[in-house]
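Take a look at this single chain, the form predicted alone, given in structure tokens.
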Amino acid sequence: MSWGVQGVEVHFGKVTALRDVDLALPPGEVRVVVGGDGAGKTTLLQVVAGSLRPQSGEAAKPPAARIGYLPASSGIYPDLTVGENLDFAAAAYGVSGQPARERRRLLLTRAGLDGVERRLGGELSGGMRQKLGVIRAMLHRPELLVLDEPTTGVDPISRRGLWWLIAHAAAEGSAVLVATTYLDEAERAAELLLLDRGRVLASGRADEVVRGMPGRLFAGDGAPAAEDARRAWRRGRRWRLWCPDGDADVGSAWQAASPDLQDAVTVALLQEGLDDGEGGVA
């Protein structure tokens, strides 16, 4: 069965945290919701996990015992050892016996935590805490695994280890939803959902989002003219210039460029800001 949300809206007083959001979460696949601070990622994950009831729309999810949820923090107890943290989670989910012990050993080994079971959670590095939190969330083979920014602030090696765990959960049949601010992680997923201030700006496979970018993209070495500044941004040592009208004459200083996901997301955010009467991207 596929989980997810349809037409979901969430309001906190006069603030709209989510506006008419649709997201399908089929088993065996990883979906990523990407966006900056205040985009609505955590609110969406809370609705999906069942810890927050939306004002309107529908949320399809398995029973709470079949959901694995990692909050924005690692969710581990710093005054318990690694082993005690997992014992607590196993008891809460009713996981026991030899198969459970073997699964625990496998996940700890693959995550590089097999030698630290007696260390306190508070003594672990940030990357180790995050990996332990993911293991806790997937220990009971949940039907739905929801992870809120599991790799934020984590070193590149630990990020690879975390994504092994995420891919392993999907391979076992879990529907997986990951919130992230990293676009390279969005490219790993089967599909992505781009949120900004609770609104969906783009969705689908990464290549579909890139192909669906409107207008044309140009690259140049010099800063744009003042009248073009709202549609331009710096990327590395060069500038990007987006023209909603693909036939616009931008001059010989600019060369046509092939967009990637970073460009497509920037254009989606830029277009949203221009439609709202705001400035461009610096």
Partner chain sequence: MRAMIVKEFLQLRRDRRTLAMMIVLPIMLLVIFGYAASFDVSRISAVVVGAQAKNFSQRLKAPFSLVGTYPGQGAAAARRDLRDGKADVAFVTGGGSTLVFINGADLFSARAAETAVARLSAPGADMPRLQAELKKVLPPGAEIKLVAPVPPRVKILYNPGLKTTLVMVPGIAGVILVFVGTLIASLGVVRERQAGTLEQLAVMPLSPWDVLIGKIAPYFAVAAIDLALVLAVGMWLFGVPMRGSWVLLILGALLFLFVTLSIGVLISSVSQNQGQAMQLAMLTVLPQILLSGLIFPLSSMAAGVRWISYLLPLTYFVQISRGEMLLGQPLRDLWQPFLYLAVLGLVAVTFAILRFHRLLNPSQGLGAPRRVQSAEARP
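Owing to the predicted nature of the structure, the values given are computational and were not obtained by experimental measurement. Residue numbers count along the first chain shown, from 1.
Separately, the form predicted in complex with the partner chain exists; it is not shown, and the next lines address it.
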Check your understanding: Any chance all of 12, 43 and 64 sit within 4.5 Å of the partner chain in the predicted complex, going by non-hydrogen atoms?
Key -> yes
**Study point:** Options 215-223, 65-73, 252-260, 237-245; stretch whose heavy atom lies within 4.5 Å of the partner chain in the predicted complex
**Key:** 65-73
Practice item. Answer yes if any heavy atom of residue 89 is within 4.5 Å of a heavy atom of the partner chain in the predicted complex; otherwise answer no. Key: yes
Review point. Do residue 57 and the partner chain come within 4.5 Å of each other in the predicted complex, heavy atoms counted?
Key: no
Point to revise | Touches the partner chain in the predicted complex: residue 122 (any heavy atom, 4.5 Å) | key: no
Practice item. Indicate whether residue 264 is a 4.5 Å heavy atom neighbour of the partner chain in the predicted complex. Key: no
**Study point:** 25, 270, 21, 17 - the one with a heavy atom within 4.5 Å of the partner chain in the predicted complex
**Key:** 17
Exercise for review: Within 4.5 Å of the partner chain in the predicted complex, which residues of 135-149 have a heavy atom? Give them in sequence order, or say none.
Suggested key: 136
